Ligand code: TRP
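Take a look at this single chain in structure tokens; it is the form predicted on its own.
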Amino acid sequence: MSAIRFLTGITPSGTPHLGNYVGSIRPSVQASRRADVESFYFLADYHALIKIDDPARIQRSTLEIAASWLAAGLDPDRVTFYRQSDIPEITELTWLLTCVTGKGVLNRAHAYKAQVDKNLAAGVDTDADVSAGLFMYPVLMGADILMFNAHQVPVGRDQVQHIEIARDLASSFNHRYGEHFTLPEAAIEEAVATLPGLDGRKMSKSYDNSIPMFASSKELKKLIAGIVTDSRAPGEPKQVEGSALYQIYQAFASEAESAALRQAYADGISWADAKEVLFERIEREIAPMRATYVALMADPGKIEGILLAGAAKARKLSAPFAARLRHAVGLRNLRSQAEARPEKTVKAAQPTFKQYREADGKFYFKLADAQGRVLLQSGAFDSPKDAGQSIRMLQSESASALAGLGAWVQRADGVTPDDVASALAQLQASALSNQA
């Protein structure tokens, strides 16, 4: 079985902080080293334009995030590491997906709804401060994912809706134009920490409560000293529940180290000493990467070269795939106009495969003839990739593949083997015609 495609991105909206490190950068780098994973990492600079109108900030943040990922151990020779804006096929795909996206789907997107609710609470027009970019953000994210047919996208629970929308877009396009997209899955890593900031709220640049990932040793110690704690004096037992200091420590420490600090809390460790323990633990992990980060930041040309090489690698996939999608929707060379007309007539009467997910979380597909009668019904697959592979086997190998799949794919009641063979033959003939 081929490798699982894993795709993740970070929007360059500011300096990376420790929350970005433990929540995205560190687990992404760890995942990139798995032998069974084909990894795609990108800097989502088009997304930054939705909320940032400072060009210098976007440029600086792009440099900082790229340097952070590389310093943390991301190997550009092992993965595909690119800048979103260097892949023109992504914006082209965004438009193709826009044309199969219902407005009602986007009306329900969290970011748009949050702004509408804010406007309603303020008593202003519901669309105040809502740009088309904000409204269309889920479609651009869908294009990021579907362009490379990612199988898994690591996200927090608040981002799961975007993966669900991407699946909807893929299904809509596949239904109209044939099977082109894999339906992606959200990979929610429960063990990944959400870090509190200096004030106890979620660490965020917008709250001005973050600790930069590569703050100097001196600055790191100063920021940790500013973490809000309660008024319990040295010698008084302290609670780890609700302690931002302890939660940050847990994100870096082993279970044994965390247990030791928990006991120190119970024994009445002073807040100053607890902050020193936290500083030393973070410094032990970050310091070896800091020198690499500083060197990369001093050589922007090197990072630019790495990103352009990554874009060239990515476009070996995106350029031919975009050409295939263009042809699928009818954006074709006019020299083939004479052949296009009969093909359109044939296509209108084509059998179709439909892949879908049921409430049990499993993936299924069915084959219907040109009149919509169901011919084949699959059993349950654990992943959309497995279901898609079976569909491709049936499209290319027909009867032999059907026999090999056995109990996984059954004929519907009243359907004969000849009915199925005829439908599969039509699909094969259509595929050969398209290739020609």
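Since we're looking at a predicted model, the values are computed, not measured. In this text, residue numbers run from 1 along the sequence as written.
What follows is about the form predicted in complex with tryptophan (TRP), which we do not show.
Novice: Does any part of G9 reach within 4.5 Å of tryptophan (TRP) in the predicted complex? Heavy atoms only, please.
Specialist: Yes, G9 lies within 4.5 Å of tryptophan (TRP) in the predicted complex.
Novice: Using a 4.5 Å heavy atom cut-off, state whether Y137 contacts tryptophan (TRP) in the predicted complex.
Specialist: Y137: yes, in contact with tryptophan (TRP) in the predicted complex.
Novice: Can you tell me whether R26 touches tryptophan (TRP)? I mean in the predicted complex, with a 4.5 angstroms heavy atom cut-off.
Specialist: Heavy-atom contact with tryptophan (TRP) at 4.5 Å: absent for R26.
Novice: Although tryptophan (TRP) is absent from this view, report whether V155 comes within 4.5 Å of it in the predicted complex, heavy atoms only.
Specialist: Yes, contact at 4.5 Å.
Novice: Okay, which stretch from 139-147, 268-276, 244-252, 104-112 lines tryptophan (TRP) in the predicted complex, with non-hydrogen atoms inside 4.5 Å?
Specialist: That would be stretch 139-147.
Novice: Could you work out which of S216, Q159, T126, T91 is the residue within 4.5 angstroms of tryptophan (TRP) in the predicted complex, going by heavy atoms?
Specialist: Spelling it out, the residue with a heavy atom inside the cut-off is Q159.
Novice: Can you pick out, from A67, A44, A387, L394, the residue that has a heavy atom within 4.5 Å of tryptophan (TRP) in the predicted complex?
Specialist: Selected option: A44.
Novice: Mind listing which residues of 287-302 have a heavy atom within 4.5 Å of tryptophan (TRP) in the predicted complex?
Specialist: Residues within 4.5 Å: none.
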